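A lone chain, given as structure tokens: the form predicted on its own.
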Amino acid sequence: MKVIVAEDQGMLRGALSALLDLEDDIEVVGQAENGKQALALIQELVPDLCVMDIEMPEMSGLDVAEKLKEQRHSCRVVILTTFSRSGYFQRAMKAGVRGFLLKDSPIDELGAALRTVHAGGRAVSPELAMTFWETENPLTEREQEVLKLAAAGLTAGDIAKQLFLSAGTVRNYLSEAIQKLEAKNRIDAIGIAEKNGWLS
């Protein structure tokens, strides 16, 4: 199977590519240091799989996955991450990502995951799967929207104008969000939601 490795840390990218290349049935055909470069390489080389980091300059791994889904590209995406945020996982699943693994997984585990994905299956690190089931996003879309605007520094009045709601309704959404997240106040709620990737 032909694979592209996209990772912004040069040393990790090189090591990962070298280790995958040692596998008999895996050939690393390209390496990218950012999301934009990864997308261009995928379009040019048409690999079977792309192993990608989430957080990369120019375009994140999830941005690239969404673009590929939009283009109905045949390349399957496997995300390697240090983050166990359920917001990322939910977005990855919507973008058609086939694998979601931790960066510190052993190389034979990654090789096995790539073979599973290549054969049409899905592969998710058990540690990540547990975190995602445990931390389901409790906020409604509207609560997320209001909290996101509050995080950007808007007052309840500003948010109300922007969303065509009354200031009272906005305050209700904020207090609902604070309650659901078991937060002390608005700032605490924003911190909890951001940490879990629920405002992305």
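Throughout, we count residues from 1 along the sequence that is shown. Computed from a predicted structure; not experimentally measured. Each form is matched to the other, and the largest set of C-alpha atoms that superpose within 1.5 Å is called the rigid core.
Beyond the structure shown, there is the form predicted in complex with a further copy of the same chain, which is absent from this document and is the topic of what follows.
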Answer option from 162, 169, 155, 43, heavy atom within 4.5 Å of a further copy of the same chain in the predicted bound form: 155
Do heavy atoms from each of 117, 124 and 180 fall within 4.5 Å of a further copy of the same chain in the predicted bound form? no
Heavy atom to heavy atom, is residue 139 within 4.5 Å of a further copy of the same chain in the predicted bound form? no
Mark residue 29 yes when one of its heavy atoms lies within 4.5 Å of a heavy atom of a further copy of the same chain in the predicted bound form, and no otherwise. no
Please check if residue 93 has a heavy atom lying within 4.5 Å of any heavy atom of a further copy of the same chain in the predicted bound form. no
Would you please decide whether residue 188 lies within 4.5 angstroms of a further copy of the same chain in the predicted bound form, comparing each non-hydrogen atom pair? yes
Though the partner is not shown here, which residues of 18-53 have a heavy atom within 4.5 Å of a further copy of the same chain in the predicted bound form? 18, 19, 22
Quick one: once the rigid core is lined up, does residue 192 have its C-alpha move by 2 Å or more between this form and the one not shown? yes
State yes or no: after fitting on the rigid core, is the Cα displacement of residue 15 between this form and the one not shown at least 2 Å? no
Inspect the rigid-core superposition and answer whether the C-alpha of residue 68 shifts by 2 angstroms or more between this form and the one not shown. no
Quick one: with a 3 Å or larger change, is the residue 148 to residue 57 CA distance smaller or larger in the predicted bound form? Answer closer or farther. closer
Knowing the Cα distance between residue 162 and residue 59 changes 3 Å or more in the predicted bound form, does it shrink or grow relative to here? closer
